[in-house]
Ligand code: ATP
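In structure tokens, one chain follows: the form predicted on its own.
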Amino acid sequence: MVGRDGVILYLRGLTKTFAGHAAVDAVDLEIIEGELFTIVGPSGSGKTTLLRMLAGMETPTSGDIMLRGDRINDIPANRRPTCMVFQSLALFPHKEVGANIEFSLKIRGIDSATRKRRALELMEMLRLPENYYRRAVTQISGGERQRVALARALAFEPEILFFDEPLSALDYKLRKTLEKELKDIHRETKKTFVYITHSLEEAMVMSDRIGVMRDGKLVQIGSPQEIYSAPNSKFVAEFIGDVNVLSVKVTDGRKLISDDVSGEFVAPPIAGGLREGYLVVRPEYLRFLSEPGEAANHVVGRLYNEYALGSRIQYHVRVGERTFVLEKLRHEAYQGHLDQEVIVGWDAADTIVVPDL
């Protein structure tokens, strides 16, 4: 039985304290069956402690973990229908690939023929050659070991798979390949994945929803697009990708003034009676202007530097002591030169104003 509205895992006031400090602080969360939910946050935000409680490796100080409506706080990890894929992978170095994949099946008393058939099915799904079945895990690459660890987890047929930064030790190119493969595997298996990463790009590429943690709390939950385009605080805005942030005061509904740069700015209507906060504009919404009147908002500065980012070019413009960041597609590259005076503008609709929570 799935919980209400498809919820498979429900956290209520989940708290974990160490020496009086709340590493996880009264977290409420609902995870939908079949989704890929990613938890991101800076070091020390509590994301790993939270995941360890979900996997049964830490006991909560207070609160509840409900799996399909049943409280599982005190059920040990090996008796839960869940499985963890560790950053270290935790493979058995003295065993062959097939024996590693079959380990949980052997513990459950499954016969050898069935174990091998299941292992080979998973190896095919994860693009591991069949002749790797008898190969030692110490004789395959890091990416292949990652696939073996995932196959071992899937062999157990868990209801939820937990991932503790499984790609962080890999090189960039391999990590990008495995991000896409993991997302494809998630779609093929229709399992529930709960994923922790410090890589914002990884979270944006893979996730159905993202939860952002700070100081033991989940401060925002939403789709990648919601988290990126509508952050609820300066912290989330700055944590999720490059962003331009100005401290502002609201003077008249939509009008803003800033102590960071001179000028008056315009934003969409600001709800909630916010009088002070932060104006947030993503780099792709800024553009170079020929005249100030070409956009609702503008600043004047000097083009300080440019950086090639593959299909995009990022520009840094110095405005007094502040640096504004713009990004353009390569075919839209700015035809100017460094140290040139430039006008940078953006539209009111592309601006949000957030508090500093």
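As the structure is a computational prediction, the values presented were derived from the model and not from experiment. Numbers for residues come from their place in the sequence shown, where the first is 1.
As for the form predicted in complex with adenosine-5'-triphosphate, it is not shown, yet the points below apply to it.
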In contact with adenosine-5'-triphosphate in the model of the complex (heavy atoms, 4.5 Å), from 299-307, 40-48, 59-67, 327-335, is stretch 40-48
- Query: Is there a non-hydrogen atom of A23 within 4.5 angstroms of a non-hydrogen atom of adenosine-5'-triphosphate in the model of the complex?
  - Reply: yes
Although adenosine-5'-triphosphate is absent from this view, report whether E202 comes within 4.5 Å of it in the model of the complex, heavy atoms only.
no
Considering non-hydrogen atoms and a 4.5 Å limit, does adenosine-5'-triphosphate approach E165 in the model of the complex? yes
